[in-house]
Every structure is written in structure tokens, then in C-alpha cells.
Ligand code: DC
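Take a look at this single chain, the form predicted alone, given in C-alpha cells.
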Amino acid sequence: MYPVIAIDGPAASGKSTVAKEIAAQLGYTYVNTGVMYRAVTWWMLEKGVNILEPAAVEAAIKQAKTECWVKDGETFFRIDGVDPLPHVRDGRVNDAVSKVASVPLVRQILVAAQQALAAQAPLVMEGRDIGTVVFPKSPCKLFIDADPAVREARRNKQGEADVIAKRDKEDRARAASPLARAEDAFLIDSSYLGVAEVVGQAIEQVKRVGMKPVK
């Protein structure tokens, strides 16, 4: 298995931007697990699945063919052979993703797919349960957070309508793999730091635990 840098944090904390930059600097492959949950959510909505009924969501995901792999330093995800990436930021997906992501079988299937990626390349993986559930033994865990008001402003600037307080409550309260900071995760508050400053702190932590760039 290749090394994995596990990055967690709430919506709009800046973890995606930071994770991409860390991956670029180290030569690792960047993995956004949130996109996978959004992809499944979009697929469910396209199929007309009642996402308010966990049993319906579980029945649907059992029938779906999900594929995830790394090629040339990029991560690819398909569901029933379809590339969902163009649709994962749709407004209706924003509204529904927390409900779909709270269904245990959905998380079980996607967590297994995420873990399998570590056999293909060194990873910088970001999400909400990477350090606690997906790769709890990773020697490098980061938790990137920011003030809720700052995160709300960031989402609005991105043109998305997430209600941060609502997302936080749903993500932290769900029974299956709730958002939480691993006990040994290094905390970075990105509220009033530039991307370079956050990345700098993260890279220093990577060095402290002995992880090295790809040669």
C-alpha cells in the first residue's frame, strides 16, 4: 500500500484547494471523496430514487456499478459507466448529498473503493471521515477548519447555495461516519490564512511525520 495523507474538515474550509496543492508539491494523487458522494447523489436523483427513504437508497446503490481508479496521477469515478463529474455541483445535489451520504451502505461501498486506491498510488485524500474511518492508521492526518461565517462567504463567492450551519449539523450528527477530528490529526484554522500559508503548515506536518515527495 502507498502512503496516504488524510485530510478532513467541514464544507468550505478550504481543504480541497489545500489538498490539491499538497498533492502537486509532493507528486501524490489528489482524491476528493466528497465528489464520489455527490456523484452517487446525482445518480440517485436521475433515477428518481426517494432519497428521504434510506431503504430505497440502499436498494438503488446495491444495483449500481461503481468504479474508481487512478491513472496518470488523476482519479476517475464512474457509476453505471457514466461520468457524473459535470453534474456534481448542481443545486439539487447540494441540497441532497448529506442525506445520501448518511446512508450506511453508501458509505460502506464508497469507503471500500477509496481504500482500494491506496494500492495504486500515493494519495492526498480529503473528505469528512478520512482520518477517522477510511485511513485511520495514516501517520499524517490533517483537520482543516474555519469560522462558519467565513465558510459561508466562501460558498457564496463560489456561486453555491450551501447553508453551512445546516451542512455542519447534518455531517456531524449522522450515525454513519460523522464528521469528526481524529485525535491525532493536526489542526489548521484557515479562517484568515492564505492558501500558501495553510499549505505551508500542512507540508511542515508532512515532513514532521517522515513522509517524502515522490522521486
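Quick caveat: nothing in here was measured; it's all calculated off a predicted structure. The first residue of the sequence shown is number 1, and the count goes up from there.
Omitted here: the form predicted in complex with ligand DC. The next part is about that form.
- At a distance threshold of 4.5 angstroms between non-hydrogen atoms, residue 37 is in contact with ligand DC in the predicted bound form.
- For residue 167, a non-hydrogen atom is located within 4.5 Å of ligand DC in the predicted bound form, even though that partner is not displayed.
- Taking the partner from the other structure, ligand DC in the predicted bound form has no heavy atom within 4.5 Å of any heavy atom of residue 141.
- With a 4.5 Å cutoff on heavy atoms, residue 171 counts as touching ligand DC in the predicted bound form.
- Residues 15, 89 and 107 are all found to lie within 4.5 Å of ligand DC in the predicted bound form, as judged by heavy atom distances.
- Heavy atoms within 4.5 Å of ligand DC in the predicted bound form map, among the stretches 128 to 136, 74 to 82, 141 to 149, 115 to 123, onto 128 to 136 alone.
- Taking a 4.5 Å heavy atom cutoff to ligand DC in the predicted bound form, the contacting residues in 73 to 111 are 89, 97, 98, 101, 107.
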